[in-house]
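Shown below, as structure tokens, is a lone chain in the form predicted on its own; questions about how it binds or moves come after it.
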């Protein structure tokens, strides 16, 4: 096992800066997810940890040892790729054993290790099959077994579940989390799927445009985003982000009055403009504004049934807001109501910097 420290990591490809001054500490045995949209730099960061890329500047340390210039074979990392990369002409046993065969290990050790990881991943019955005889989920387990058979210090996953269908993905990620905890291997997992990140991570590192925006537990990332990007990227639907104007005594959205406790006015007294955010499930739709809430009149624009819940889209003049409500509540298009959110559920951001304002 190993801890990982990334010190001021910058990576450029020609004139393109893929990563810009990234600092990150990953604890021994931690499962950390690198989350961000396509092109954000998350896979580049993983390849730097693997040794596939070298940083333009900065240092990478494993357990305090500088490995910045070490090749991948000298870093003792296991890699699981998006496309699984299994050899079609080799049986499952040979695919799993391949890293050990390259090291010229004796046959008995290879046999023991392959059967050990195959048992762990419940694929012992598949060892004599070829990859083309396996389902997608089985192929993914083989790829994970091949990474584990090396007994790596660090396990790296590059969007390993993206080629699986939705139902299978949920099952495999549950097993993956259990396996990681049982083995206590330091693991770095790259994905653009925020639901996946929230489900499996000890901590999430949100990356955008080559910069590390926030690092925190799934709960911190979801409920206490430090930047509008994090609030707007994480969640399904993501957080509502509304630009609010203030003249010191009155708050408006799209020129429409926003009823708010005096406490909120005090907190943003010097701000002429700020961003107010809240999670869709924290909004309620009522026929009146309740105490200790922020409320505004809205009109029902659309209702989407999701089974046990519904996404209700409401309009504040030209601004659209999504609210998640139980399916038992009934709404109709054109209906006028008040959207209310409790003070404790609000997120406030600086309009110019997009960074969170201190609410307390």
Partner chain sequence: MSLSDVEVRSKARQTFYSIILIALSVPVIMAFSVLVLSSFANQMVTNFDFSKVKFTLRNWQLLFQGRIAITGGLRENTFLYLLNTAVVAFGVAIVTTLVGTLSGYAISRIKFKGRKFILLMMLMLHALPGSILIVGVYFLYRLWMPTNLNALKYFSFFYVIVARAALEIPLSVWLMKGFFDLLPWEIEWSALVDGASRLKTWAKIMMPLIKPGVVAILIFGFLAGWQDIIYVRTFLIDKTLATFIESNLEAEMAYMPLLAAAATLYLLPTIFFYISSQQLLFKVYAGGIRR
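Numbering follows the first chain given and starts at 1. What you see is a predicted model, and the numbers here were worked out from it, not measured in a lab.
Below, we refer to the form predicted together with the partner chain, which is not included among the displayed structures.
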Legend entry - Partner proximity in the predicted complex: residue 320 to the partner chain, non-hydrogen atom cutoff 4.5 Å: no
Inset, instruction - Using a 4.5 Å heavy atom cut-off, state whether residue 90 contacts the partner chain in the predicted complex. - result: yes
Inset, instruction - Indicate whether residue 72 is a 4.5 Å heavy atom neighbour of the partner chain in the predicted complex. - result: yes
Legend entry - Close approach of residue 289 to the partner chain in the predicted complex, 4.5 Å, heavy atom: no
Inset, instruction - Select from the listed residues 265, 284, 85, 105 the one whose heavy atoms reach within 4.5 Å of the partner chain in the predicted complex. - result: 85
Legend entry - Partner-contacting position among 77, 144, 190, 206 - heavy atom within 4.5 Å of the partner chain in the predicted complex: 77
Inset, instruction - Name the stretch, out of 172-180, 228-236, 195-203, 134-142, where some heavy atom lies within 4.5 Å of the partner chain in the predicted complex. - result: 134-142
Legend entry - Site test, 211, 223 and 243 vs the partner chain in the predicted complex, non-hydrogen atom cutoff 4.5 Å: no
Inset, instruction - For the heavy atom contacts within 4.5 Å of the partner chain in the predicted complex, list the residues of 33-53 involved, in sequence order. - result: 47, 50, 52, 53
